[in-house]
Every structure is written in structure tokens, then in C-alpha cells.
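Next up: just one chain, as C-alpha cells, the form predicted on its own.
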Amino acid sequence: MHFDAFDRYHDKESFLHRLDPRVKVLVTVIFIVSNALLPDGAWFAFGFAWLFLLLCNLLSKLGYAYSLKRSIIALPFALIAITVLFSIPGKPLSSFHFLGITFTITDAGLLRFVSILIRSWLSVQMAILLVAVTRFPDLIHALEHLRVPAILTTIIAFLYRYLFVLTDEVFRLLRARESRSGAVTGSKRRLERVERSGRGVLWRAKIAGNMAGQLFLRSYERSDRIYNAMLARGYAGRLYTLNPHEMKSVDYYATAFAIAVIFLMQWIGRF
């Protein structure tokens, strides 16, 4: 089962892996907020932020392009901001007609749109790197140490853990479906499933709906059994980790250095 699709942690012996998770979470949040606060068109600041990301990739021993290659998939989600191309007043650059409406792209709108894309791209890279160098239980405990409300950390922890339960139930349903599906063979043709021959779209939709309903019921029942098992083992609303979290001198120095770099990035973007 491909449960590693959810777990993006890469076990390495690197500088970033050894840092306290509180440092990594705090620097990531500050970096993302700093990106959001940069002015539109702060190209030198964006470039400086990207150099900082490259340095972090090298310190993680995952390769300088690790987060870069994995962040491209998130760029299409930033296209939701495409409306700023037409909604911000400025010098007209181009116009086109769609559904009887004239849309005009302005220079200010284009500048805002490109800046949003770059901000999103940089922020996603930092988040990807954080998950790659920090175990998920350590992330949860770092949030607790940083005084994030307990209800939020609990929701995040259970949401992550029950993704595996849901995936396991999906594979169980698929295996049950495979085992109940008849097949015919022939010397001159490949193996075919009987259920796929002569069936229409409505029949397929009905089967998919039945499977979705079964998935919900089975996942709900299994989650209830898991929760009762956790209570029987002493769960009292808090998750524990075997990794002690102790701030060392290198953690303080790394935090100070990262904050200084982010402050310099803001200075470059504004002055």
C-alpha cells in the first residue's frame, strides 16, 4: 500500500534535520508571512528569498532543487488570482472578449498577478521543505510548544492519521471488488472483466456511489474502534513523542540568522 503518498519526511543526517522542530516551524511561518508582506514587483527581494531557499535545500542534503521540482504542482492553484489581471485599474495592455464581456488586462493587474504567483511559489517551497525535514509528530509538538491552541493541533494530528485509515479502507474495498469480479479468458485476447462489458455510465455511477457509501460507513466504524483503543491505552487528549525537544545553542543561532535574513529580505523589497 502506498501510504508514503502522505508521509513526505526524508530521513537524512543534515543540519536542518537536527534542528529543533520549533525553530523550523517558526522560521517557516515567518518566511511565509514575510513573503505575503512584500510589495508587488519586489523582484530583488523575491530573488533573495529564493537564494535563501536554495541554501536551505543544500543544508537539508536533499538537493538544491528538491523543493523547486515539487512546488510546480501547486502553481495551478494560484491561478485563482487571475481575476486581478482585469480588476485592478492601470494602463491597458491587452483586451479580449468572452461571453459578450470585454476584459482588459492592465499593467498593475499583471504586476499583482505575477507577484502573487511568485509569493505562492516561494511559500509552497518552504512548506514542502519543512515537511521533508521534520517528522509529523515533531511538527505537532512544535505547534504545542509554540502555544497553538490544543484543539487545532489535535484536529491536525487526527486528520493526518486518519488519512491512512481512509486509504486502508479504500484498498480493502478495491480488493473486495477485485475478488468478486468475474473474468473471461481467451487464447487470442487479453483478460477482461465481465463487469466492464456492456455496462453504461449510470451503472458505473451506481457502483461508485455504493462504494462511497460503504467507505464512509466502514471508515466511521473503524475510526470509532481506533479511538476506543486509544482510550484503553491511556490517551488523554495529548500526543507524545519519543524525541526530546531541547533548544541548543545552534538552534538559537540558526533562528537568529534566519530572522536576520528575512528582515534583510524585507529591507531589500521596500528600500
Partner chain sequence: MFYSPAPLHIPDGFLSLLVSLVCWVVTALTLGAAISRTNKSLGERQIPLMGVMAAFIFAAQMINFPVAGGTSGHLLGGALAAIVLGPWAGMLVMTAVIAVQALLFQDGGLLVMGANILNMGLVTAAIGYGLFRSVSGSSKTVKLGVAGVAAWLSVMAGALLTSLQLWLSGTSQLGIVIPAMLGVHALIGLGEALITVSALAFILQTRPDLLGEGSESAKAGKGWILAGGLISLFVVFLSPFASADPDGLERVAENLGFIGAGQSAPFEIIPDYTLPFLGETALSTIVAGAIGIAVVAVISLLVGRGMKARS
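If you superpose the two forms and keep the largest set of C-alpha atoms that fall within 1.5 Å, you have the rigid core. Numbering follows the first chain given and starts at 1. Small disclaimer: the values here were computed from a predicted structure and weren't measured.
Not on display, but discussed next: the form predicted together with the partner chain.
Interface residue remark: S60 is not counted as part of the site for the partner chain in the predicted bound form, having no heavy atom within 4.5 Å. Among heavy atoms of P149, some come within 4.5 Å of the partner chain in the predicted bound form.
When contacts are judged by a 4.5 Å heavy atom cut-off, Y64 does not count as touching the partner chain in the predicted bound form. Residue contact with the partner chain in the predicted bound form: T102 places no heavy atom within 4.5 Å of it.
Of the residues in 24 to 44, those that come within 4.5 Å of the partner chain in the predicted bound form through at least one heavy atom are, in sequence order, T28, I32, V33, A36, L37, P39, D40. The rigid-core alignment places the CA of T28 less than 2 Å apart between the shown form and the other one. Core-superposed comparison between the shown form and the other one: the Cα of L174 travels 2 Å or more. Comparing the forms between the shown form and the other one, the C-alpha position of Y162 differs by 2 angstroms or more, with the core used for superposition.
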